[in-house]
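Okay, so here's just one chain, in C-alpha cells, the form predicted alone.
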C-alpha cells in the first residue's frame, strides 16, 4: 500500500462542518449525509468536507484532538515512553496534512499544530527504526508492534520485509550439515 492509498482511507473519517447552505439529506452508497442547514454543525466524511471547503460552502471544525495543548501532551508522552503510545486517531498524520492544506484558516494555531504533529511523527519513526534494527540484530522471527498507524507501518514495511527476506536467505544458506552444491559444469 502506498501513502496515497492510506490517505484515501483517511478521507472516510468524519469531521464536523458548519455549512452556509441548505440541502436535504443526501443518500449515498456509504450512508446518508445531512440535512445541511446554515449554521448547524453536521458530520460528514473528510472528502466531502474538503470539497465543500474548496467551494466555500462550509467552515470546518477541527477534530477535538487537533489542539496545540493536547498535541503537546501527546508529543511529550511519546518522547517519554519506550513503546508506542496510542494516537488520538489512526489517521492523525493524514488528517493533519489534509486539514492544514485545505482549511488552515479554520484551525487555530495551525503552524504550531503542524510542528507538533511532525515532531510526534519523527519520534515515532525513530522508535520504529530502532525497533526494526534491534529486531534484525537479534534475528527474531516475529515482533509485536502495538499502536502503530497504517502510514507508519507503510513507511517501514517495505524495508523491513526486504531485510527479513535477506536474513532468511542468509540463514538458509548457512545451515550446518548441508553440503555445498558444486558449480562444475
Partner chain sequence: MFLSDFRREFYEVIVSQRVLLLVASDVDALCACKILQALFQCDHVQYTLVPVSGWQELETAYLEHKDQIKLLVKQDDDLEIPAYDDIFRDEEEDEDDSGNESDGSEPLGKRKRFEEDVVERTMKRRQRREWEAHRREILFDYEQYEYHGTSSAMVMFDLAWIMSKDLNDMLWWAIVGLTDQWIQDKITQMKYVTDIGMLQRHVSRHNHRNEDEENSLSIDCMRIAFEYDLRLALYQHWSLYESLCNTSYTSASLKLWSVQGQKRLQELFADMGLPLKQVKQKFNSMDMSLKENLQEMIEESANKFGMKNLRVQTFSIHFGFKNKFLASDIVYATASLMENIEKDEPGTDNFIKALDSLSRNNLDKLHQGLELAKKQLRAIQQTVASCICTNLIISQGPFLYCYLMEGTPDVKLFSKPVSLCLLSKYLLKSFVCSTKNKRCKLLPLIVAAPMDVEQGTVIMVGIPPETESSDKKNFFGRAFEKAAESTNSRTLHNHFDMSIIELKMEDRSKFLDALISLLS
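Residue numbers count along the first chain shown, from 1. Only a predicted model underlies this, so the values are computations on that prediction, with no experimental measurement involved.
What comes next is about the form predicted together with the partner chain, which does not appear here.
- Partner contact region in the predicted bound form: 51 to 59, out of 152 to 160, 128 to 136, 51 to 59, 26 to 34, criterion any non-hydrogen atom within 4.5 Å of the partner chain.
- The partner chain in the predicted bound form is not approached by residue 79, whose heavy atoms all lie more than 4.5 angstroms from it.
- The closest non-hydrogen atom of residue 105 lies within 4.5 Å of the partner chain in the predicted bound form.
- The closest non-hydrogen atom of residue 111 lies within 4.5 Å of the partner chain in the predicted bound form.
- Applying a 4.5 Å heavy atom cutoff to the partner chain in the predicted bound form picks out no residue from 142 to 165.
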